[in-house]
Ligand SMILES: C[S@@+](CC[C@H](N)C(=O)[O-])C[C@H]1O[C@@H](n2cnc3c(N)ncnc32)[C@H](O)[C@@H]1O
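Before any questions on binding or motion, here is one chain by itself as structure tokens, the form predicted on its own.
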Amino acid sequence: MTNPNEVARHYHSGHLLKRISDGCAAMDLTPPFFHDALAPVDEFHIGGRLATEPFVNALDLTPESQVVDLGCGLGGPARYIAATTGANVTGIDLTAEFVETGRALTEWTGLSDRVQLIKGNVLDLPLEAESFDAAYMIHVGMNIEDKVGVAQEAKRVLKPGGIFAIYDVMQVGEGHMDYPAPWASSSEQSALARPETYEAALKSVGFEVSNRIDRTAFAKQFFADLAAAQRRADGPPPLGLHLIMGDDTALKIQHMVRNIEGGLIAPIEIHARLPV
């Protein structure tokens, strides 16, 4: 069973906002600025913005949509949704530093009127029932063993007909994951599960699963392009995921890529909807 306190400790650094602020200064970025400027650091998932765009397009959001981001991190996808669709997004995350930093980034990008970030547990959402049109979870389920509990809370806060989209790293082969990884320092913080486990959890509480998309080919190309860019660069960029993952970023990425290449894990999207 993953421990929420251990999970939060894995992501906490104590100086994340200063790191990002220093990175912005190195790029001559002074608030307010457009949300896209933060994409290299606030899209903490495989593919970054390249993955977020098609994922969000599938939600069919409008300016009237009320959306909840389960495990919002720094709020990058939430800000992208607010800026591109006009929807209102409420993000929930376990890590206080992520929420506090994300609020500052939201202010810097002028989106505080449409994006609200709250510290909380996605297994016990501080939100009213049937108050959202759509919910999504991006690279969060790997830290949550209780997949049924996540599905139950998503169902509770969604209106009838509401959509729940998931983009997680999932186990697709036999073997043991190498750690540290971006989402866990050790196996005790990780809750990798198969796509079938996610789908069974969703169906058990009343969701109808409409689609499953394997993003392995996309991930392999993304990491190949990233490695090529790093070879051409003179050191890490001012803004990047290394600001979140810390000194062992390269090892975490190496382990994840090796296990994707080996067929043990894969980035998978699952789309589900509640009956009307």
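Residues carry their position along the shown sequence, with the first being 1. The structure presented is a predicted model; accordingly, all values stated were derived computationally and were not measured.
The next section is about a form of this same protein that is not shown, the form predicted together with this ligand.
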Problem - Phe44, Gly73 and Ile138 each touching this ligand in the predicted complex (heavy atom, 4.5 Å) - result: yes
Practice task
Examine Thr84 and determine whether its closest non-hydrogen atom to this ligand in the predicted complex is within 4.5 angstroms.
Solution key: no
Handout entry: Ser190 within 4.5 Å of this ligand in the predicted complex, heavy atoms
Key = no
Problem - in the predicted complex, Gly120 touching this ligand (heavy atom, 4.5 Å) - result: yes
Practice task
State yes or no: in the predicted complex, is some non-hydrogen atom of Val7 no more than 4.5 angstroms from a non-hydrogen atom of this ligand?
Solution key: yes
Problem - Interface residue in the predicted complex among Tyr80, Tyr198, Phe164, Phe98, criterion: non-hydrogen atom within 4.5 angstroms of this ligand - result: Phe98
Handout entry: Sole residue of Ala181, Leu94, Val157, Leu202 within 4.5 Å of this ligand in the predicted complex, by heavy atom
Key = Leu94
Practice task
From the candidate stretches 140-148, 202-210, 101-109, 173-181, select the single one in contact with this ligand in the predicted complex, where contact means a heavy atom within 4.5 Å.
Solution key: 140-148
